[in-house]
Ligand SMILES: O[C@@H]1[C@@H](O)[C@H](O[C@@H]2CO[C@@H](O[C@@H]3CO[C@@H](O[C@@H]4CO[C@@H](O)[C@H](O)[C@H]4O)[C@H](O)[C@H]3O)[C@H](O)[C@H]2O)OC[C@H]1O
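First, one chain by itself in structure tokens, the form predicted on its own.
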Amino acid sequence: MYFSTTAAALLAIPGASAQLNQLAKAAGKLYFGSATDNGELTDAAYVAILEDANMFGQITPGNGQKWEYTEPSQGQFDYTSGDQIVDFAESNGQIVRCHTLAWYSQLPSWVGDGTWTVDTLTSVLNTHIANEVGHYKGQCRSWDVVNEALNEDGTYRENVFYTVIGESYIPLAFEATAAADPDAKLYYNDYNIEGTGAKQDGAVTIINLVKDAGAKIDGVGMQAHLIVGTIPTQSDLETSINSYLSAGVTEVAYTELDIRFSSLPPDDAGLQQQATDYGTVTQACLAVDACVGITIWDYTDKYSWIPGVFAGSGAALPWDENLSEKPAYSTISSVLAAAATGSASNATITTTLVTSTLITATSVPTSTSGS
């Protein structure tokens, strides 16, 4: 495995500071990142951590690039919210994952409730993608082109695009995105496709559908909205990744990682289990070269989407509501550091993984949807 000799030397110095993105890059990954949202950028303490490119090398706009914000009325485009996040990331030297184009949720009513033919809705989809992707051309390393097109059994989800156009709306969206920005990496993005099963098989079907249509698809985004103590095994995580690579994509990423508690508050044993689970996901990405990075769906419980959607659940992120690091942070750091130094690429993750003298971690609109 590739690792940076400079980073390895840094890590070997007791008391030296190395943060998550530094460690991920030293371990051969492209980034370790976080989602964020517009309202959070008024929180100075929060921003002080988010803007540090050594901690987060990649940023995803949580909401501002979704259709309801970017084209609230037909033909009237507004990129104010998306631009704020993209400009923030660029000013800090952070990669941008752009999110998302064709999705059944957070559509303006004129799209979701409109009366369409195949031709008129195809024109609307193409026009929207051409405008939005064209606006951000050259700024997005990747786009989540189609989001959550599958039911849990791997069949296609009913939505306005599928109902009117059929499954071909998926390759159409990829074609339009590639035409608007040929250099962007194009992803299919979904949840519950991290492990093996019917929905993972459905994601493979989508890759084949897009490729058979002659359209470009580069990657699969595994959202990874997981539950403490019930995540797939590392073997299943890797099997799922490899199924997508075998189907013909060249990269994958964990795009929206959080690992929630089903009941609150968590006890010490629960926090250690959460740490182990975060370590398992990190190890799975490290084990496959084509896994380019991990994005947590915001970094702090203070701004997590989970409590607003899953009543009684939460505490899903590596930083708590006070912006303090939890055991999950220490385990992620330790796993990345071990890989970066080449000392434990196949190490077993246990609840005793903590930050050692290898690293001294430095601490210093709210999302309405998890995806």
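Residue indices: 1-based, along the sequence shown. On a predicted model such as this, the values are computed, not experimentally measured, just so you know.
Here the subject shifts to the form predicted together with the named molecule, a form of this protein not shown in this document.
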(message) Just checking whether Asp301 would be counted as a contact of the named molecule in the predicted bound form - the rule being heavy atoms within 4.5 angstroms.
(response) no
(message) Just checking whether Glu148 would be counted as a contact of the named molecule in the predicted bound form - the rule being heavy atoms within 4.5 angstroms.
(response) yes
(message) Taking the named molecule as it sits in the predicted bound form, is Asn192 in contact with it (heavy atom to heavy atom, 4.5 Å or less)?
(response) yes
(request) Indicate whether Gln106 is a 4.5 Å heavy atom neighbour of the named molecule in the predicted bound form. (result) yes
(request) Name the single residue among Trp67, Tyr329, Trp305, Tyr46 that comes within 4.5 Å of the named molecule in the predicted bound form, judging by heavy atoms. (result) Trp305
(message) Using a 4.5 Å heavy atom cut-off, which residue among Ser81, Gln223, Gln94, Gln272 comes into contact with the named molecule in the predicted bound form?
(response) Gln223
(message) For the interface check, one of 278 to 286, 174 to 182, 204 to 212, 97 to 105 should have non-hydrogen atoms within 4.5 Å of the named molecule in the predicted bound form; which one?
(response) 97 to 105
(message) Residue by residue through 51 to 71, which ones have a non-hydrogen atom no more than 4.5 angstroms from the named molecule in the predicted bound form?
(response) Gly62, Asn63, Lys66
